[in-house]
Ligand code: MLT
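Given next, in structure tokens, is a single chain: the form predicted alone.
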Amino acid sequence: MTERISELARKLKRIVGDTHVLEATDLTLSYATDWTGRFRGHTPIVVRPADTSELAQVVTLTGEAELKIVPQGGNTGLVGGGVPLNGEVVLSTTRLDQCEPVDQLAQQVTLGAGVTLARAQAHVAPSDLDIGVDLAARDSCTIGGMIATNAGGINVLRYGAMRDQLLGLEAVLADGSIISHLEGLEKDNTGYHFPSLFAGSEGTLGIITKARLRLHPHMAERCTAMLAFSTVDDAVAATSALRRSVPSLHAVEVVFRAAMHLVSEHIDSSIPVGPKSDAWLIVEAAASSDPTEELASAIDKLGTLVTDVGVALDGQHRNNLWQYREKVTEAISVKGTPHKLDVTLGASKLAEFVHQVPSVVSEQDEDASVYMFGHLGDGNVHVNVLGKDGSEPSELVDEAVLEYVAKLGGSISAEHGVGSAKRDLLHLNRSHTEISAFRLIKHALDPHRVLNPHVLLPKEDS
């Protein structure tokens, strides 16, 4: 095996250059650990191709060496989907960072898989256009990784998840062949839609190299408000009302009590409104003309559902409100190594879920702490569980919470993917027939299981 790896490394260096084949442990270590620190693996080689042709050659040579590949973008994943847990070769897409000129007539752009979201946003901004998906990890997450996990973020209720932004795709398959369909036609009924298939596939079917994205007109006028609620039920009811009454609604984010107090302590700033509340919504309206009156009128109609309100009209004050949502993950990570359970519930079950989850967790680990926040506009709750003194909680917690989600008719993965963390619980949401069909698709495109073989699909004997 050692000789085979050394020979592969020599061949890869001839393709991508000596400095882009990493073998020393001190150089590969950051590629073998996920953002949370929970998932840690090892890899003999990290290879960083510069373009699609180089990547295709890398895939071919790695397959010939009978080694497996884990594709990796910004390594911001939270379910172990981009970590070489079984000693796979890591194929980093970060050098695939080309931004093609914005097609202003079509309102589209073609981007390399390694382009970060923040760079993509900056690239299209001069054209007065926006990327439809926005995430707190925008400075490090990459377009390819966002597609592979079908990332959602804060604007799903307006623009949809990453799959809804895709108009074309280029990717390298497991045998090194390349598929490319980047014309960006809004109507193109010429067969199977590869972009939809690859979105959410977590690198199991092919490695995305480029994507053609739909863009959206930039809404320059914004109004942001923080609303406090005495109960979770009231926050859910208010969200439903706002979605019906505010055409310019851009985001509805929620932070629940424990998480709000934690982030307040982390940023050393008092909670702006309703410090004794159970839930807070951060609501943003965005339009081409000032949406303040529209949002204010809708909030006023919520009546006694809302116990306190804070409104921000300029950038500085909006950022101040948004930090209570965007820095929750950071605050939790500072406290320890959490288990992150990203789930979706139907609106009618959201309040029940939030109320009951601490008890569900406590039954498995009485010393665990639960911090919840998320995207209430689309029913996505991020459940973060820390064990005693910031340690990882009992492994039994994950299964208990996800089984409860399934019992309520929800999804065990909203936007982070399945990865290795949830692969053996996929049956909670997918039937045996569906999983069998998934396997057939995987086998058709990757018969030798070269690409990310240990994520998404359950183990064969489970």
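Quick caveat, the model's predicted, so the values are computed rather than measured. All residue numbers are counted from 1 along the displayed sequence.
Quick note: we don't show the form predicted in complex with the ligand, though the next part is all about it.
Shown alone, this chain has one stretch from 325 to 333, 300 to 308, 229 to 237, 349 to 357 that lies within 4.5 Å of the ligand in the model of the complex by heavy atoms: 325 to 333. Between the options R222, H375, R212, R119, the residue in contact with the ligand in the model of the complex by a heavy atom within 4.5 angstroms is H375. L78 is the sole member of V252, L78, A279, L111 with a non-hydrogen atom lying within 4.5 angstroms of the ligand in the model of the complex. H416 belongs to the set of residues with a heavy atom inside 4.5 Å of the ligand in the model of the complex. For the chain shown alone, R318 is not a contact residue for the ligand in the model of the complex, no non-hydrogen atom being within 4.5 angstroms. Contact check for H382: a heavy atom falls within 4.5 Å of the ligand in the model of the complex. Taking the partner from elsewhere, R163 is found to have every heavy atom lying beyond 4.5 Å of the ligand in the model of the complex. Shown here without the ligand, the chain has only K340 in 332 to 357 lying with a heavy atom within 4.5 Å of that partner in the model of the complex.
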